[in-house]
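Taking the form predicted alone, here's one chain by itself in C-alpha cells.
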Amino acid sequence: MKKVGIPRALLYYKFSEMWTTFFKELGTEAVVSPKTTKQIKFDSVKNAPDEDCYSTKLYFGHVLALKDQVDYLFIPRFGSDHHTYVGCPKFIGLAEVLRSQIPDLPEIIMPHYNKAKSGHRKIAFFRKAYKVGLKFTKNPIKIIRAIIKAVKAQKNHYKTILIDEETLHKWERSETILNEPPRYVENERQLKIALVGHSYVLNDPYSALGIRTSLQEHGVDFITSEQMPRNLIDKQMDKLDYDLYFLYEREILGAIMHFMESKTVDGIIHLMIFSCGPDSIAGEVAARLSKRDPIVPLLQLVFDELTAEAGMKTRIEAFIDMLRRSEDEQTLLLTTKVHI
C-alpha cells in the first residue's frame, strides 16, 4: 500500500478531513505528521528560509518528519476557494520551495487550485482531483467515489466548526459552551473572550504555546474566529471603506469587528504570526479600530520561533486580571500589541 504524507501544518487545519478521506478511499495510507514538537521546531528553523513567517517555517519541520516514511508528499498549490478573495501567496509556491531546499524529498503531489486568480470552478477541482487519483488506481468509479466522499467529509467538518447566529447569541448569553469548558475560579466571575487568529495557530497547541488550555484554566469561556457565522463576517467587512483582499484575514478582522460592535465579550485576544504580511495588515486595522472604540480591550500577541511560553502566560494573566477589575479600576483599555 502506497503511503501519502500530509504535513500537519498550515492548510491541514482547514482541509484535513477532505484530504485524508480522499486518499483513504483511493486505497492508500494517509500518513499525517505528528503534532508540533520541539524537535520539529528545531528542524524547521534550521532548514526554512529566514524570511518565511513562523507558521511556514514549521511546515518545513513537518515535511522533514514525514519524508523518510512515505512514498509521496501531498502539498497542494492552493490559491483560494473563493471567487474573489485569496489566501497567502506562499501557499502556491511552498511545494517548489521545499523541493529546492530539500532535494531528497519523495515525489510531491502538488495540484494547483485557485478559484480567484485562475477562475477554477467545480469542474476544474474534479479534474485535478481525478488526475491525482490516477496515480493510485485506474478505476474511474473508485476515484469518483473518493472525490464525492472527500467533499462530503469536508462539508461535515465545516458543520462541526461553523456556528449559526442563534448559537452565537446563546453563547453570548452564556447559555451554551462552544469549546473546552472553563475551570471554575472561586470568587471570580467567568470571563468571555474572543480568541482570533489563523486556524493553524489556534489549533496547534505548540505554536500557540497552549493558550487555549491557559484560558480554560483561568476560567475563561472563549470563542474562536473560525467558528464565527460567515454572514456576520461579511456584514462587518462591508463596513470597511475598502475590500480586504485576503480571505482568512477577513475571518479574523470580521470577528474582531463584530465583538467590538456587539460588546458581548470582555476582551479579544488576537494571535499574530511574525513576518506574516496579511496578518500584519489585519492587525493594524484592528488596532486602529480598537483605539477608536476601546470599550472591549484588544490584546495582540505576536508569535515567532523565539517566543517563550512564560512571557505569553504573563501577558495572558495580566490581561485577564485587568478584565476582572471593575470598570472604575480599568485604567488601561487601549490596544496592547506585544511581541513575546
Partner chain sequence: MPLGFPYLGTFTHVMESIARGMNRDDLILPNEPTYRTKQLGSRHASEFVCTPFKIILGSLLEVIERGATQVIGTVHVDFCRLGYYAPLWKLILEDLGYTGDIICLNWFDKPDFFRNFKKLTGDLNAIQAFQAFRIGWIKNRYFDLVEKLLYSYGATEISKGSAKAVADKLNRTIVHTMGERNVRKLPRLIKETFKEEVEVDEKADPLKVIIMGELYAVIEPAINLYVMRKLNDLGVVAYTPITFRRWIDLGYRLNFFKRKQHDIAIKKAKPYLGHRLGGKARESIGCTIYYKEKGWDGLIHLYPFTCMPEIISRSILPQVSKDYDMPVLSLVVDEHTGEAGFQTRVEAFVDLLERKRNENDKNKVK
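The shown structure was predicted, so the numbers you read here are calculated from the model rather than taken from an experiment. Residue numbers count along the first chain shown, from 1.
FYI, the form predicted in complex with the partner chain isn't displayed, but the following is about it.
With respect to the partner chain in the predicted bound form, the three residues G197, L298 and E309 uniformly fall beyond 4.5 angstroms at the level of their nearest heavy atom.
Looking at D52, you'd find a heavy atom of it within 4.5 angstroms of the partner chain in the predicted bound form. Heavy atoms of K117 reach within 4.5 Å of the partner chain in the predicted bound form, making it an interface residue.
The partner chain is not drawn, but in the predicted bound form it has no heavy atom within 4.5 Å of Y184. Remark: G87 counts among the residues lining the partner chain in the predicted bound form, judged by a heavy atom distance of 4.5 Å or less.
Screening R99, K263, K170, R189 for any heavy atom within 4.5 Å of the partner chain in the predicted bound form leaves a single hit, R99. Out of the listed residues P294, G27, G277, P34, G277 is the one that sits within 4.5 Å of the partner chain in the predicted bound form by at least one heavy atom. Exactly one of the stretches 88-96, 200-208, 228-236, 148-156 approaches the partner chain in the predicted bound form with heavy atoms within 4.5 Å, and it is 88-96. Contact annotation for 217-254: residues with any non-hydrogen atom within 4.5 angstroms of the partner chain in the predicted bound form are L240, D241, Y242, D243, L244, Y245, F246, listed in sequence order.
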